[in-house]
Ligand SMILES: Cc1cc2nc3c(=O)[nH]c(=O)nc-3n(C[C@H](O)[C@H](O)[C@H](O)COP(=O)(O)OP(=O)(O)OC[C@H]3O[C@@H](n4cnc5c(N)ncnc54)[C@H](O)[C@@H]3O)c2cc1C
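Only one chain comes next, encoded as structure tokens, the form predicted on its own.
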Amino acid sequence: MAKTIRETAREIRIFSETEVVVVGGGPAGVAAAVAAARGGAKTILVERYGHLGGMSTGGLVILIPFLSDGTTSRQIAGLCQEMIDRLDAMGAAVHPKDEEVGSTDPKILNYWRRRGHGGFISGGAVRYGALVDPEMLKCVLNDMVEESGVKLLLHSWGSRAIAEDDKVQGMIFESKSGRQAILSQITIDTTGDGDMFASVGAEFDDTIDRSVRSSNLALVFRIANVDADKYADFRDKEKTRHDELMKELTSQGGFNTYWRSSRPDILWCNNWIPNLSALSVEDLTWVEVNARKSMLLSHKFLKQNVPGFENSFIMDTASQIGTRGSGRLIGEHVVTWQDVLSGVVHEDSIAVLPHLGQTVSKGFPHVYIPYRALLPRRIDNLLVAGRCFSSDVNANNSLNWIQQCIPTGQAAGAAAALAIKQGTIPRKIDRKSLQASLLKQGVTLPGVTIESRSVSPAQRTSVG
């Protein structure tokens, strides 16, 4: 048995009291905080790193793909689109033009195929998505949070929620200012790993299927001063030789997948490191150390053998380790793989998501996320958004990407603000009012009936 010690009881200083506290400043957390504050709720956002954006910035996962379904329509808009629009104004995003979305023109397809890795193309059609500059995105998210009136706490690690009689009353965080508490009417868990809901005994599932993408960890890095066109020519025109080299690199313990960034002279390496846990401090440490060894090996090999890398150098490694899957809430509704394949339209749908690599069809319908998937079964005053929303392993594996986390965060924030206005708990809000609020915020809900009115699949309201 493991040895233990007894921690001395002590008084915890209350840092602040607020209506809504959001724990975790990744894509879902920023969306939740901004939506709650814009909805009129006094909101605090707590983030453990010194920046916002989570995987999309510190994790260097700089592709936000598949916001459309292979047609000319987009299903993911709202705050996700606002982030891209703001980056556009800074020249910090690369994406297909509106008139190119859904195109099957061979020239347009080839152009975006060379600039993505499949994130812009599927089923022979152009999909809307964006490659973003992670440093500029940090700035954009700061602006959105500040302009919305959110109180921001960086360098603050949310350690646990505070609850009594199955009602969450706030959270405790650690920082250089010590251990402090924030009391709130509603807490939103956007930690990715479900740290808040796990700490108060909410039901959750942390089983991992080692055969799926979300079971892998990563340490993303970027290589600069690359001739990306020269590399793309080699990859496309000498595919056999390219594949042989990548196989050789993998056999030596290196990484073999290099994609364009928002700049033509920088490539980024996403990677998949299996059989480790995002909830194990020893596993996380192992990845940080050993992935960098593989990075050095990979870069040396690329410089010596692969056209386009001759004058390159390692630009940076992610400040935030890549975690794709861990604890998932068991909520009022568990989104299952059958939900994903059936296209069931939930009465309380708050997000409509296209399939990742497939054009919308009878076999690959839109996926509807119900509000109930954000609600714990017996814990009140708590909402959950981002990759730890209520879902089974296979559904979560397909629905926990950045562009899918943002809509759940926006819905959670809007729901929290609505609960404050209605003087009730999140479980009891009027869900049609929530859907109407989301539509006003630029969210699209094609196929969802709201106030006896069906929203057209082509509907795309303005953002902001």
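Numbers for residues come from their place in the sequence shown, where the first is 1. These figures come from a predicted structure and were not determined experimentally.
One more form of this protein, predicted together with the named molecule, exists but is not displayed; see below.
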Exercise. Identify, from the list 63, 395, 419, 37, the residue with a heavy atom within 4.5 Å of the named molecule in the predicted complex.
Key: 63
Self-check item: Residue (of 96, 116, 254, 322) lying close to the named molecule in the predicted complex, criterion heavy atoms within 4.5 Å
Solution: 322
Quiz item: With a 4.5 Å heavy atom cut-off, would you call residue 191 a contact of the named molecule in the predicted complex?
Solution: yes
Quiz item: Is there a non-hydrogen atom of residue 47 within 4.5 angstroms of a non-hydrogen atom of the named molecule in the predicted complex?
Solution: yes
Quiz item: Is residue 28 close enough to touch the named molecule in the predicted complex, meaning at least one heavy atom pair within 4.5 Å?
Solution: yes
Exercise. Could you confirm whether residue 391 comes within 4.5 Å of the named molecule in the predicted complex, counting heavy atoms only?
Key: no
Quiz item: Of the listed stretches (291-299, 322-330, 180-188, 233-241), which one has a non-hydrogen atom within 4.5 Å of the named molecule in the predicted complex?
Solution: 322-330
Quiz prompt | Triple contact flag 156, 213 and 270 to the named molecule in the predicted complex, non-hydrogen atom at 4.5 angstroms | solution = yes
Quiz prompt | Those residues of 211-249 which, in the predicted complex, come within 4.5 Å of the named molecule by heavy atom | solution = 213, 218, 220
